[in-house]
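Alright, two takes on the same chain below, each alone as structure tokens: structure 1 and structure 2.
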Structure 1
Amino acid sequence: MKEILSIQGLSKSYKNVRAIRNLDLKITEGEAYGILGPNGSGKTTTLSIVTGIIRQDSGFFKWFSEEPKASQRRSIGSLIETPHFYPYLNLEKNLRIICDIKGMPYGDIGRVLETSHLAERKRSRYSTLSLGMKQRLGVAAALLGDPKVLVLDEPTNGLDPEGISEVREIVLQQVHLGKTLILASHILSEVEKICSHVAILKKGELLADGPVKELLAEDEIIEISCDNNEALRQKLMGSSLVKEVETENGLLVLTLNEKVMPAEVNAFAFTNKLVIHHMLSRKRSLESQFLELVKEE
């Protein structure tokens, strides 16, 4: 898959506070990538650096496998922290200002207002909007120009359940259209519902990263390998031991059915004259990191 964002050794401090420390992340095209952590974990600082709002102390990042440059901004739509608009202007005029800043025509305003379910309020002053509507307008601004990548920092923060659902619907629609999403959140359930991959930050350091289903799944997930992985994969798919079998970096990644133990997989393989020479539980190690994060919150 094509690399969208690569972060290596990124660090940033504010006086005596280390916001992020030697952060490494890699995000590929089409991923819905969540950055999960409690307040103060470095999520906003990370997104502020990669969107050019602030500068890092050390380390570097690349967009689309290239050094950061102004021309990339048309391909990246972002909403960092609280959206800022002129309260006395209506929605359409506020978005026209965003277009002027980005150097793009006004023709896309109608589309993004429709997408964010605000078309009927386009003549309303920004000050008259509910908090949920204001947040949706921020997402609409990020969608101007139909960027390839969306960078959203806590887009549902402070919203009631209805507002959260409305913003989530808009974001999921963009994911289904194939956009790459980078979403920072402290809400576990939102990351689980929207994202395919997640990085867990705590006090500016990366605790764990990987597919959401591995970090959050209750099922046992193990990786195994033998002398004939394809034969073992076919045997397992015809058994009652696994829910899912995937191939990854020369290994088989198994999602076990409820109450199935790794030892049963080993015995099953031996019965079929296949000897497993590598077996590792993924869930337990990642789960311990995740539980540590929840405890911190």
Structure 2
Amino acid sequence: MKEILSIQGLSKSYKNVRAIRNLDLKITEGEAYGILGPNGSGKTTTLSIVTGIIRQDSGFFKWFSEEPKASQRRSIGSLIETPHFYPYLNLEKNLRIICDIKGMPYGDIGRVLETSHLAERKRSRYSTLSLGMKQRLGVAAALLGDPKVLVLDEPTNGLDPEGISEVREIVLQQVHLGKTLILASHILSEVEKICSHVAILKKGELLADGPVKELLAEDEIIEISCDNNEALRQKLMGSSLVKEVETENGLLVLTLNEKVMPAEVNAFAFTNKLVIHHMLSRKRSLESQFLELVKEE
């Protein structure tokens, strides 16, 4: 697989804040790569550096295994934070400027405006658009020229629920077409729905990276209760059924080992002469798992 972007030892500080610290990332062709982290974790700084808008303090990065050059960015579609266009120009003219920068004909403008549902507004000035429309125009601009690589920084920011699902649909479509996607987001479900790989950032440092399935694996969690919770807890701890047992509001909360079914827990309790009178499956939300990952120092 061809290497699209590799980042090595990248660091950047703003006055007193260290935005990113010694960051390493590698993204290969065809990956949908999510960069996940809470606000201020360095996602935008990272993407701003690789798209040339800010300079790193140290470290380096390569696009397509080559030293970074402005011309490489012409084959990348980017949306960094909020889109910015000339407020007094209409949408078509704004996109024409981008075509000129990329050195491509204007023929693709109609298609991307159609994709982002802005075709009717193509003669409107950019300043007259709503926030959500501006964001969609940003996505449209990124799609101009059908680039092989998309760099999107929080593309659903400021959109209403309908807009969010529309933009996600567009992005997913690109992923299915085999495009390489680099997506920064603080919304876990977004990364989970779209991405195949993920890097988790916290305070500018890489906490973990790898395939989404491995990193964000879901554990089966159930809560149970019987007449003698303490006895059941002891028994379960000694068994191979559970990873963890916690007591919560008079209930036992079990994290099951892989491939263990709740019915097996019930059977286990029964053979130990304990009758479970409450059992509820509680899927541990990814969100809390993500928060946990980020919380750890």
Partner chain sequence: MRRLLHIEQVKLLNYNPFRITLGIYFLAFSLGLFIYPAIDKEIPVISLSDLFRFPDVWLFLTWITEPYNILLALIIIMITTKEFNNHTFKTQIIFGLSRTELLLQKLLLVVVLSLFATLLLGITSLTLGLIYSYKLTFKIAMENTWILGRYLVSSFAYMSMGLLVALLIKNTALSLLTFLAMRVFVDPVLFLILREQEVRWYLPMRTTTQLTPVPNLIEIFERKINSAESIDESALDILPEGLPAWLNIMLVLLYTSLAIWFSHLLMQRRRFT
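Just so you know, these numbers come straight off a predicted model, no measurement behind them. We call the rigid core whatever largest set of C-alpha positions still superposes within 1.5 Å between the two forms. Numbering runs along the sequence of structure 1, starting at 1.
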> Pick one: which is the form predicted alone?
Replying inline: 1
>> For residue 235, does the CA position differ by 2 Å or more between structure 1 and structure 2 when the superposition is done on the rigid core?
In response: yes
>> Does residue 61 move appreciably between structure 1 and structure 2, meaning a CA displacement of 2 Å or more on the superposed rigid core?
In response: no
> For residue 90, is the CA shift between structure 1 and structure 2 at least 2 Å following rigid-core superposition?
Replying inline: yes
> By how many angstrom is the Cα of residue 244 displaced between structure 1 and structure 2 when the rigid core is overlaid?
Replying inline: 24.1
> Hey, core superposed, how many Å does residue 259 shift at the CA between structure 1 and structure 2?
Replying inline: 3.0
